Each structure stands twice: as structure tokens, then as C-alpha cells.
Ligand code: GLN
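Single chain ahead, by itself, as C-alpha cells, in the form predicted alone.
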């Protein structure tokens, strides 16, 4: 017992140290376990979202001289994506087309200087406001007659379709007796005023201020009117995690001061444009225009290859003795010749994905539109070419013992091809020019690139002259080549 007592005493004295060691081990063990657990990640981390925008609404979205998308909205969405760990793919469409793309789920969200209104809240869910806008009126720089709303009576003013400027102009047009003309782009509005077609323009004040700093040829004549706030939009009830990430990232940008830096970059003291000469404009815009021309030729080539196959197949259907085949071909031709190409483009890019739930990229939609449309006209070219051959040729070959198929292949078709070739060349030229209509769905062909250029430098007339010259040169060269091939193979 005496021997056991000292041992117990020593063990009792060591107990506090043992407890302390165990506590330290538990503390570090818990910390190690906690550090081993993965940190909670944002629901959008690692995801890629397609974001629709306008890119003709400087300084919020536009293309710089190198063809890169820039502006307040572009910097904001990229900074927020970086902070929240997701990736954005910007799709430049135009304002109206961007909203339609969102509704048809072609894009996940839209950031395009979009005013938050009650009507839009019925269709879209909006982020927290990221910019408080306002509306101003501007006139041509040399106009001294219009100094306020009172001088607008009996005149026409230009507004951007769907914008806060249009809403404000509509709200006062009855009082001041003017007519409102909605147009699709700010640059188009400014050009309309400079051309004298409209006497004034109503636009968001930062857009007007930036345009004036870039020598758009206008001057403001009224104070800023109170306007709505801009917001990032997603479809109602969809992508709530993306909307939450945008709000979180926006709050972080504001608290860190990065948000104000982005605004100051474009609004505080925008760099005044130095007006280069015509050839300087050509040099600066040449890379973007060549990119657009390449896409124009690609879409034309793919469309014509598909259209040629369709034209041959349905052309023979139309001259077939089978009533069902003739009915199918007639229906196809009637639909695509009887509806505008622009409506077809909107249907295939916006309407069909909304109905089927299957997204379609812009090149596929564009080629599908052009090929089906051109195929309908080529069907009639083939039909007309075959029926232009004297029926006696077919009857003579049949009387010599040749089958119908052989008679068509050896006798009728070779003669029909010579008749059809000029019409095929003409359809080729028409299809190449029709690619310009695909600019409305954001296909970056030649006309689209021209729009992006004059949307940032406001030199509309000169830019369109360059675009027209490129179309003329390419069409002339390709027409000459087609004529040479025609003469060589149809001697």
C-alpha cells in the first residue's frame, strides 16, 4: 500500500499534462480534419454560361478596333464570372435578338444595358440594378432651331426600339406633338438625325455622352430625365444560381472599388476619337471585315451545296408523273417562296429551338435558312430547265428503245443544264447577298461586322461604302469565274 501510494501520486501529478497534450492533439486533429474537408463552392463554379448582348450600345457594349467585345457590361460580367468561378461565352446578337435568344434558351442570360421594367419582370428575372440611367435629347451639331421639347411639334424623333428613350418619348409625344421613329441601333439613330430624316434623338445619357466624345455629330440640348436602372436578366424561374452569383459578384466589385473603376474607365473621361481619313478607316476595319467576308463565303458555299441537292431532287419531283411527289415538291416551294427570308431566319434560330427545346448554333440556323430558301428557287430552275427542252427529244429517245431514266440522263438533262446554268449563277449571287440578312440573328458575316464597326466609331456612311464595295468586288469576281466555267463546260 505504501509502495502504491507514491505511484498514484505521481500519476495524479502527470494527469494535467496528459489532459493538456490530449487537448492539443484534439485541437490540431480537428483543424486537420476541417482543412481536409473541401470548402463550400459556389453552385456556378466551373460552369460555362452563354450570355447574349447587343455590342452596338457603346459604352456599355461594343467592339474595339481589334474586334474584341468591350464596354461596361462586358467588363462587369467578366469580372463577376472570374470572382464567382464560372466562365462566360459572349454571343453578340443585337438587343431584340438577344431577348428572343433568351426566351428560346439559346443563351442563359442577357446583359445589354437592359432597363428593368414591370413589363419585363413578367417574362424575366432581374439581378440587382448595376447602373442607374436617364434619358437625354440630342440634335445635329449644327441645328440651332431645336433647343427643347417645345420645338419638336410636327417633327420626327428617332429612338432605339425597346429602350428607355422610346418609353420616355412615347410618354411626352402627345403633349409636344411629335412622331416617334423606332430604330434598331444607336448609331443608326444618330445617322438618321445627321441625314435630316429625324430632327432629334432620345437616348440613354451615358450612350449619348460617349457618342458625342467619339464625334457622332450630335449635341445634347436637354437635361437628363430620370430613367430606369439596368439589370442582368435570365428567364423567369430559370438559372437562379446564375442570378445569385451575379448579385454576389456585383456586391463584391462595389465593395472593392473595382465597379467604380470600370465605370470611370468608360464614363469619367472617355478618350476622344481622333478622326482618321477614309483609308485609315479602311486599314483599321480591314481585319474584322475580312473575318466577316470569310464567314459570308462559307455560309454561301454550304448553303448552295445543300440547295443544289434540294433543287435537283424536288425539281425532278415537280416533273414527275407521281402526284404525291409533285404535291410534296409544290408544298415545299410554296412555303419557302411564299414567306420572307427574314421570318425563316428568325423561325429556325429562335422559334424552332423554343418549340423543340433543342438549341441551334447561328451558323447551322443560317445555312438551314439560306439552303431551304435557295433550294425552293433552284427547284423551279430545274423544273423550268427540264420543261424547256422540246418534248419531242424525250419522245424520240423513247422511240429508239431508251428507258425514261436513260432518256432523261442522256438526252434531256444535258440540254436542260445549258438552259439552267445562267439562272444558277444568278441564284448564287442572290444567296451571297442574302447572307447579309443573317446579321439580325447575330451571324458575324460581312454586314454584321460593318454594323459593329460603325456602332463604335459612328462613321456609318463610310463604313457602309466599304462593305458595299467588298460585296461588289467579290460578287463581280465570282460571277466572272462562273461565266468562264459556264462557257467551258457548256460549249
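Residue numbers count along the first chain shown, from 1. This is a predicted model, so every value here is computed, not measured.
As for the form predicted in complex with this ligand, it is not shown, yet the points below apply to it.
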Looking at 84, 105, 397, 115 here, can you tell me which has any non-hydrogen atom within 4.5 angstroms of this ligand in the predicted complex? 115
Name the residue from 78, 181, 120, 383 that puts a heavy atom within 4.5 Å of this ligand in the predicted complex. 120
Is there any non-hydrogen atom of residue 163 lying within 4.5 Å of this ligand in the predicted complex? yes
Is residue 95 one of the residues lying within 4.5 Å of this ligand in the predicted complex, judged by heavy atom distances? yes
Residue contact check: residue 124 to this ligand in the predicted complex, 4.5 Å heavy atom: no
Does residue 230 reach this ligand in the predicted complex if we count a contact as any heavy atom within 4.5 Å? yes
Go through 461-469, 418-426, 436-444, 53-61 and give me the stretch that gets within 4.5 Å of this ligand in the predicted complex, heavy atoms only. 53-61
Contacts from 200-223 to this ligand in the predicted complex (any heavy atom within 4.5 Å), listed N to C, are 204
